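This document opens with one chain alone, in structure tokens, the form predicted alone.
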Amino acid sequence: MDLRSDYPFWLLDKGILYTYPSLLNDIKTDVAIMGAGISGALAAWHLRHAGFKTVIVDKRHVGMGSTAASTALLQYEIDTPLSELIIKRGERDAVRSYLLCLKAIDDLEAICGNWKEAAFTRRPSLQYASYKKDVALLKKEYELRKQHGIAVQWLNDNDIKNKFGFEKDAGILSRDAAEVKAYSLTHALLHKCRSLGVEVYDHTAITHFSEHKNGVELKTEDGKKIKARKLVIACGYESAQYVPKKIQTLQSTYAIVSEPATTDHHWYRNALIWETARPYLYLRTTDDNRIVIGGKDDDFSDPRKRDKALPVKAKALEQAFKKLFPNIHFRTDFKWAGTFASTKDGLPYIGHLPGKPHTYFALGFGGNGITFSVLAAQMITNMALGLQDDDARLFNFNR
């Protein structure tokens, strides 16, 4: 699957940070991980620290799939608003899902403390009402979050004008959000994992795997075999081919990055910004004073159609920014497009399919892909250890 257009900013910014060999021999391991993006790297990190001998493989080079195209906004908010998720999943499960994402940001911060190059930075987050009609539902969302102990502040039109400089009727300012360089973090994790004994192989495509009584056997396109006690599938949107039912809807999404600014302050604490409209516009800054804008999603995933639309979409994103911030200079320096997936409730799929006890899925779909990947790595590690994880049911395939 063609997951992104050429030349996302993060790839050009850092290039190929570390290189890894392809698999040349048959091997045995405790856990094999398919997918060396941010999801697979986090899984490898947790599994190795739990004592598992671990092998990770990818048909591409490390981090070169969706991870290289991620805009990497870290938020506890799920694409499905809490009020809607309560209707879909019940109040207890919906609130717990939000609180787990909140904790995942803290947990990722602890991991990123090892590497400055990951550029993990705490930010507040503003979700504004795109239209006047959205205010009532947004206020309900604010009250629900506050009721359940999430640190939020209600902003009226004057508050938004004073803090951010643009005019919207209302918004929720959340204390807890962050940004990270997903591509750099992926390489940092796997480089360290390799020094701890994890075997990392890229340019190694798995063409077949089968589950047996005591484990899983994988075969590469070159005929090499990997025998493992457990398998983790962390191939992102390409993982759907291994699931017998439809669990995702694919779309195309677009992003642009500005030239570096002369100031390191663009708006209130350089908060992450997003809106209530669907598809939503979202913004963040970078550590070298650029502005990242994403959105203008399309309900198709054809890569040729997606890439052809990129110039028009990039211009539309730039115009949307200038409408919000007419006094901030913005000139597009990089633009790219990628595949994006959503689920029926906005939640990830984590765990194993019925009758496949040795194969786990770490599928962090949606706008919260990285925080979902943290949860997947933690939960799958607990499952592999035989530990009870009461939260795992929230994201299983039976929901």
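Numbers follow the displayed sequence, beginning with 1. Just so we're clear, the structure is a prediction, and the values are computed from it rather than from any experiment.
Although not depicted, the form predicted together with a small molecule is the subject of the following passage.
Comparing 146 to 154, 69 to 77, 166 to 174, 93 to 101 against the small molecule in the predicted complex, the single stretch with non-hydrogen atoms within 4.5 angstroms of it is 69 to 77.
Checking 142, 321, 120, 282 for any heavy atom within 4.5 Å of the small molecule in the predicted complex turns up a single hit: 282. Checked against the small molecule in the predicted complex, the residues 301, 204, 258, 184 give one hit for a heavy atom within 4.5 Å, which is 204. Shown alone here, residue 238 lies within 4.5 Å of the small molecule in the predicted complex, counting heavy atoms only.
Heavy atoms of residue 234 reach within 4.5 Å of the small molecule in the predicted complex, making it an interface residue. In the predicted complex, residue 346 stays away from the small molecule, with no heavy atom inside 4.5 Å. Mapping the unseen interface onto this chain, residue 368 counts among the residues with a heavy atom inside 4.5 Å of the small molecule in the predicted complex.
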